[in-house]
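Consider the single chain below, provided in structure tokens and representing the form predicted on its own.
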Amino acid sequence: MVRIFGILAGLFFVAALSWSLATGAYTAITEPASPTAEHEFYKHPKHLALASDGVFGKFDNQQIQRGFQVYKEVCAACHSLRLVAFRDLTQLGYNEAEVKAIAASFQVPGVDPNTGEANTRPGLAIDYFPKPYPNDIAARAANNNAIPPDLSLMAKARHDGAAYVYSLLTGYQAQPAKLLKEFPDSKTGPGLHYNPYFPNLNLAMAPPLSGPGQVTYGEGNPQPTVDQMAKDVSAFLVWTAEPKLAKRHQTGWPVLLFLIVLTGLAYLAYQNVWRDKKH
């Protein structure tokens, strides 16, 4: 009896799921969803070529240092890098003295040894990049009720990674007249900025890059245009998300070659051992 009830219950659920699937498919065909502004005007990220791309990719330390400079002088005011320590910057070619100087230019949370009260102190090489705001409430209050995301893993957390960051930073523009004509309710509200590379088209972050004069690159580097700075900081964020990328590439190819040779030797050994045993 229990088995019969179990079979009937199973059949009931199968029938219910089949009915739901059939009615959903029928509704989708006969009553297609209305087009939305996001669907019509969202743009996929632009193409971005970096030295770290591909299976043979490796980091361009000069470009990543420029990207770090853009982060430090522009992005760090709102965005944190909680998974990156100052000492990690030695991987980009900075020496120990330079790393200590960079760390000391940031104020990190500390404790007064005399009173035990919380305070701030100059950063040390072992410290991680500090948060720009003490808490989420302060972050929202300073950014039109939006919390600026941490950038440590941004290049991995978003589809198309570095290309997404690059496109977002260079994609600010006025709302197209066609959008306002077709979707009058989608007008960008106060404190928001139209950007077709952002999923809902409206971004709380104001355009962070303004071109030459905002950041000064050292001699021998390209002009810090908006496009160039966006490329550089995107390359930097690829490094923060995958600092071991180049080392993995360097290790992966010898390991792959070893496995290929080992497979060949194993096959030859098999042939030698079982050659006289085959019928």
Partner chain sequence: MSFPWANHYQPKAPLMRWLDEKLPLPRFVYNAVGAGYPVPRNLNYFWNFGVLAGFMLVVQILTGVILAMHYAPNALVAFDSTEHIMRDVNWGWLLRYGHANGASMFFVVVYIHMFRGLYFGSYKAPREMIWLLGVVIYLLMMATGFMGYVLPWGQMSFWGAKVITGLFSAIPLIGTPLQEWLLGGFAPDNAALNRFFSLHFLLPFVIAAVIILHIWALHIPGSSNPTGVEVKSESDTVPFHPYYTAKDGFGLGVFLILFAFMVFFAPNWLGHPDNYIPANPLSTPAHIVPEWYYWPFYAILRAFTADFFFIPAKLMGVMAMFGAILLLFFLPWLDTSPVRSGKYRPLFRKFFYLLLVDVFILGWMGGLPAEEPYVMISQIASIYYFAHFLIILPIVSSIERPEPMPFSITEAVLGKDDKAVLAPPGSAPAPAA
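Positions refer to the first chain, counted from 1. Small disclaimer: the values here were computed from a predicted structure and weren't measured.
Another form exists, predicted together with the partner chain; not displayed. Remarks below refer to it.
- Out of the listed residues V215, A37, A241, L50, A241 is the one that sits within 4.5 Å of the partner chain in the predicted complex by at least one heavy atom.
- Residue in contact with the partner chain in the predicted complex (any heavy atom within 4.5 Å), chosen from A142, A204, L209, L153: L153.
- Partner proximity in the predicted complex, defined as non-hydrogen atoms within 4.5 angstroms of the partner chain, places exactly one of 99-107, 118-126, 156-164, 169-177 at the interface: 156-164.
- In the predicted complex, the partner chain stays beyond 4.5 Å of every heavy atom belonging to K43.
- In the predicted complex, none of the heavy atoms of P222 sits within 4.5 Å of a heavy atom of the partner chain.
- Contact check for R87: a non-hydrogen atom falls within 4.5 Å of the partner chain in the predicted complex.
- Among residues of the shown chain, R82 is one whose heavy atoms approach the partner chain to within 4.5 Å in the predicted complex.
- For the partner-free chain shown, T240, A241, E242, P243, K244, K247, R248, H249, T251, G252, W253, V255, L256, L259, I260 of 227-262 come within 4.5 angstroms of the partner chain in the predicted complex, judged by any non-hydrogen atom.
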